[in-house]
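In the structure tokens that follow, a single protein chain appears in two forms: structure 1, then structure 2.
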Structure 1
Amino acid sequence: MEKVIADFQAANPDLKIKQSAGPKINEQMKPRWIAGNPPDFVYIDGPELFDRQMVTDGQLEDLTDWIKDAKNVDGEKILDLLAQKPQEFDGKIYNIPFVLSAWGIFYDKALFKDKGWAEPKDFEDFLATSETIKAAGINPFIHTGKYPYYINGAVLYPAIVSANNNDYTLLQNMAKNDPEAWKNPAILKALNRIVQIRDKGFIDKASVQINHTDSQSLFLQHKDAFIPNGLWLPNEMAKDVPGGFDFGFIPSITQDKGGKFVANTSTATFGIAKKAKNKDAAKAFMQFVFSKAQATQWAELSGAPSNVKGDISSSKAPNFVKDAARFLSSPDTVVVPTVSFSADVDKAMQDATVALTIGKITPEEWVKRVSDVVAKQKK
């Protein structure tokens, strides 16, 4: 980010730019948001900063009209450049996705090759392979029960989209707290996939009580074969990856035979504060960062895929990122734009999913529970 700002400063010497950043930045900026003295431009990522809540709180500038024909500094239309379109809140756009990631299932290609296991292409495949893996004395599937949004993002949401004939608007309607959407049988069908994985004994019993780091370590030690995660996993665990480990990535495991893959994306976005004092400068900066040159530079320096379209097959990106990129641009993949649920609904789903994985509730109870929270939100 510093490099991007330095470049922008060099291009606009008359502007005075102040950057505030750091691991605790969202907490540090909180008093300024509350007091109505927010930073002009905000990178929405990390804990305690949540786009839907910021929109609800009226903190972000409505960018709907501006982005329609906003061009970057090279004169290209920003909307045309984006691999993932901005999320709409009640039909309006408040934040533009800049960093692109995707949920999916990781496995070790080297281990699979060694054992003669094939990468699963659909749910039937996944079950069959898992059976073989279990017979070989390895737990087929581990997830991070302390943070159930991993299994929701990488298994449940794609399963819902698959069950809904690859139509992801269902997820978007669910996020809008539309009570009708929550009655859709596709949700039950998706939940039953998780139940099947559970009842066949494929879920590592440790899952329920461990955090992401622990589950990732067990996966890297080959105690478990599949793990739902985001594209950031290999970077996050870089220091602990054993030699010879070759990350394989598939976007989803729950599609029917011959069905399309479903890639649920997750993005980090840029927004402008509604109370920004220098909105024009903030917009100018937005136009600057969404240039191909800046996006490429970002991807290279941060190691995170950028949301600006481009061919990375010849780049230095690691194999799994290329795999992911191949999936994301394939016609056989349904790419789901980032969907953010309200915090209450999201948490209700996380709790219910954990309860489902340990057999505490049924899929029907899952739907009932979460629908009740949704109904309360509507009021």
Structure 2
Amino acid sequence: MEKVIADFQAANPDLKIKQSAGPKINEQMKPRWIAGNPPDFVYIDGPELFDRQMVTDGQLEDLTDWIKDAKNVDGEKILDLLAQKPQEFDGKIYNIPFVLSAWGIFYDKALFKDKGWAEPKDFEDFLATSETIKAAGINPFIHTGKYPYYINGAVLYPAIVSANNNDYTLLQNMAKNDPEAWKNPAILKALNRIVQIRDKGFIDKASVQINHTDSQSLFLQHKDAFIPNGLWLPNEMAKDVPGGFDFGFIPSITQDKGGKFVANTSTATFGIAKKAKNKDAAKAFMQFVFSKAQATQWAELSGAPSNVKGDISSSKAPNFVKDAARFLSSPDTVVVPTVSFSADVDKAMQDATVALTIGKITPEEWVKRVSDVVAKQKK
């Protein structure tokens, strides 16, 4: 972000720009928001800064009318460039997603190339490739049983969207605790994908008892071929990545043959304070940031794709970021906006999925367990 601001400052030498940042910035800025003296432009991410709460508290500028026609500095309509559209709060837009992350499946690209294994395009491909990998003495799939939201985010939720004819509103209705949504047969079809992976013996038996870093370490040691994770994995394990290791990334593995990939995404967003003193300058910065040039630079420097669609294949961004950006910009990928479940329902799903992966329950029992928790939430 520092480089982006420096570029904007160079293009606008008459502006006096002050950046406030750091690991405790949200906590440090809280008194200013409370006192009605907020920063003009805000990067909404991290603990203690929740967009829905900021909207409820009237802290963010309503950008609904402005963003409809807003263009970036290259004259391109910003809304047309976004891989993930802005979230609406009662039909209004208050923040624009910029940093894009996605759950998905990492694989050992160099190993695959060496062995002549192909990147799977669909569930049938994934099963066939995993059979080959297993025959070669390598575990096809590992996940973290201590944090089952990894397998839910990267496998189950995309599978539900695929099974629901690529319509992600089912996930959104599930998150709203709509009892009818939980009766949708797409959920059972998705759960049965995991059962197939389990019953073919593709899941590393160590998965159930290990945390995310342990599962990631085994993946980096070439002991497991696929791992469900988020785009932060390569940076998180940067100190442990062996020489020659190349991260391959695909958004999903559970789509039918010929079906679209499904990218379950999360974002950090930009907003403008409702009480900002320099709203025009803040909007000008927004128009500067949402350009293809800045998006490419962001991917190169941060190792994470921005929310701006575009070809960054010739940039210096890491290969897995180029892979992710290519998928997220493709018409053959369904990009699922961030979906948040209530804490109790989320916990019930995590516990049930772990039980499913080790054969303790059936998909029908998974649905009943979680639906019972949803019913309690509705009372």
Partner chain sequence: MKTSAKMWKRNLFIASFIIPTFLFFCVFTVYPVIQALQKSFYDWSGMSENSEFIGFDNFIEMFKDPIILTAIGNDYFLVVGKVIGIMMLATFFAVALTRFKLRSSGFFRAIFFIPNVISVVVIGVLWNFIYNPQIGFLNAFLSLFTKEKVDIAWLGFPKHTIWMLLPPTIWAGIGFYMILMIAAIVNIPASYYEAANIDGAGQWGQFRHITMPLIWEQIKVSIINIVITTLNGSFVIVQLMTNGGQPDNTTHVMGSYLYRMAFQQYHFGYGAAIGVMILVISMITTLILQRILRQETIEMS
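Residue 1 is the first residue of structure 1, and the numbers go on in sequence order from there. Bear in mind that the values here come from a model prediction, so they are computed numbers and not experimental data. In this text, rigid core is short for the largest set of C-alphas that superpose within 1.5 Å between two forms.
The form predicted in complex with the partner chain corresponds to structure 1, not structure 2. If you fit the rigid core between structures 1 and 2, you'll see the Cα of Gly243 move by less than 2 angstroms. Here Gln84 counts as shifted, since its C-alpha moves by at least 2 Å between structures 1 and 2 after the core is aligned. Relative to the superposed rigid core, the position of the CA of Ala352 differs between structures 1 and 2 by less than 2 Å.
Here Val73 exhibits a Cα shift of 11.8 Å between structures 1 and 2, evaluated on the superposed rigid core.
Superposing the two forms on their core, we find that the Cα atom of Thr269 is displaced by 5.1 Å between structures 1 and 2.
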